[in-house]
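Single chain ahead, written as structure tokens, the form predicted alone.
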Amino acid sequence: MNYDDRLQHVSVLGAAGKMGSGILLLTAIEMADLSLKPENKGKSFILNAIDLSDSGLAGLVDYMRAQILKTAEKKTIWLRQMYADRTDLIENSDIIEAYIQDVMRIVRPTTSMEAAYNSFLIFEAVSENKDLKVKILNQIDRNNPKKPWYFTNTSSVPINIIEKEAALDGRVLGFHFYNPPAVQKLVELILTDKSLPEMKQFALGYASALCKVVVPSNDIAGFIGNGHFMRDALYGIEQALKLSKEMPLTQAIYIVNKVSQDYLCRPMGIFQLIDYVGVDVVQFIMKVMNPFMKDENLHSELLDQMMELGVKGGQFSNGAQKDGILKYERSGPIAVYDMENKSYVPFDSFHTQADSWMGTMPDGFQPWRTVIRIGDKDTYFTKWFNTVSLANNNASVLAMAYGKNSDAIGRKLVSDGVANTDEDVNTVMLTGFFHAFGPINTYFV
């Protein structure tokens, strides 16, 4: 079965979720584009959008139409070539509408799992729950005579465990999109010892068609991305707790978040990133990973306490940030949650004291949005962190220690066999987390 044939009948599980909807959109467009090629005329392409939520599926239709419209507007020249035999399509608007209809015609929203029983390829994007994933995939495989391939979007569960417990015998691999899939360029590809070679080749071809950057990760819980992020988050939490011995925890969280963003030139501080992913999601991923970690404990009592108080973070369906450890307005974080008083403390009420404790920002500071446009980043960061080191104020000391720890996490991922190379670790953090520089470097020696 060739690439095009494999994509004739596909299912996406969890299609109404944030990850599933993005995977559905990308796959629907790829399938529609294949259907327009002359060699595929007459072939039927079917994409089942499977989700338990009727309301979620209803909203999915509107999301798909809006996103397909944006895609079509970017490739009207190609579409005009594909629709050259359609004399009824005169204006670009006609061609765009025809394309939207062709893509949507492929998609079949349903709450029935049975729809996947005829698919050749199944994308799994349900919740990060190993038992649920195994149950669903095993159910499908027992009822699907076509021996389908399974691409799981898990960000933490070892693939070999899903493979073994669901009895998939080499027909599953990890294909971890980053959030949101329609925007993020990175995909982590995770194989098992049994993964079929032809399945890997298909995965690489599919990723190439979607213009994704593929980084291989070995099959160890958390893989590269969460392997680094979870430990980086724990370090940030640990530093805030240490600082809380000499100041209120709210101020300590503000300081660590600001230092990890500004001094390390990241798009978000570490506590904002935890909120973005979701306090509940971060806590859950740590629970998934922890049993596989022999020499460390991936657990945070602070996150446990936040969860007990209902502080979860995450995002609304439109992508807006929900309040979590930090409170947000459109311009960004404005307050920190106080667990004792069960309310948010505005930055304005304490930032003067906190900023004074940190000290003056060293000369040469540039925000992340500016730094990512710099051509010679290595020269810039060599100079910047040398300046930070020489400043020797509280924030500078914290920043240098944070960067050094981030570097150590990255190197351990390589030495532990999670990542094959330093470059793979750096690519994941640069591409998937939008860091301005890779964690493995020489800036903090």
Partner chain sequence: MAAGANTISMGTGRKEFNPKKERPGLEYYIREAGQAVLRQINDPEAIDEVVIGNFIAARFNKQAHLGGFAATIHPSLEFKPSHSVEGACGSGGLALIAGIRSILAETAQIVLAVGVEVQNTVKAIYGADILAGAGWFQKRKNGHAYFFPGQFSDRAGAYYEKYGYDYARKGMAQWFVNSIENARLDETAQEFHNSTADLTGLYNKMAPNGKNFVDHLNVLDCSKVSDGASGIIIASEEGLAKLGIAKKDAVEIMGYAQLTRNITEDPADLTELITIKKTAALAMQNAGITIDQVGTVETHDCFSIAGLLAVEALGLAEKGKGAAYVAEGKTARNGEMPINTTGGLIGWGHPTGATGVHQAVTLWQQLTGKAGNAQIQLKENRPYGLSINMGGDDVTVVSIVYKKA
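All figures in this text were calculated on a predicted structure; none of them were measured in a lab. Residue numbers count along the first chain shown, from 1.
Although not depicted, the form predicted in complex with the partner chain is the subject of the following passage.
Student: Check, residue by residue, if Leu326, Ile334 and Asp355 all come within 4.5 Å of the partner chain in the predicted complex, counting heavy atoms only.
Tutor: Heavy-atom distance to the partner chain in the predicted complex: none of the three under 4.5 Å.
Student: Which single stretch, out of 87-95, 371-379, 272-280, 218-226, brings residue heavy atoms within 4.5 Å of the partner chain in the predicted complex?
Tutor: Stretch 87-95 is the one.
Student: Is Tyr344 close to the partner chain in the predicted complex, meaning a heavy atom pair under 4.5 Å apart or at it?
Tutor: No, no contact at 4.5 Å.
Student: Hey, in the predicted complex, does Val183 get a heavy atom within 4.5 angstroms of the partner chain?
Tutor: So Val183 does not count as contacting the partner chain.
Student: Please determine whether Val397 contacts the partner chain in the predicted complex, using a 4.5 Å cut-off between heavy atoms.
Tutor: Flag for Val397 set to no.
Student: Is Leu69 close enough to the partner chain in the predicted complex to count, meaning some heavy atom within 4.5 Å?
Tutor: Yes, Leu69 lies within 4.5 Å of the partner chain in the predicted complex.
Student: Considering non-hydrogen atoms and a 4.5 Å limit, which listed residue (Glu198, Glu114, Asp338, Glu73) is close to the partner chain in the predicted complex?
Tutor: Of the candidates Glu198, Glu114, Asp338, Glu73, Glu73 is the one lying within 4.5 Å of the partner chain in the predicted complex.
Student: Between the options Tyr83, Tyr235, Tyr206, Phe350, which residue brings a heavy atom to within 4.5 Å of the partner chain in the predicted complex?
Tutor: Result of the distance check: Tyr83.
Student: Given a 4.5 Å distance limit between heavy atoms, list every residue of 150-165 close to the partner chain in the predicted complex, or none if there are none.
Tutor: None of them.
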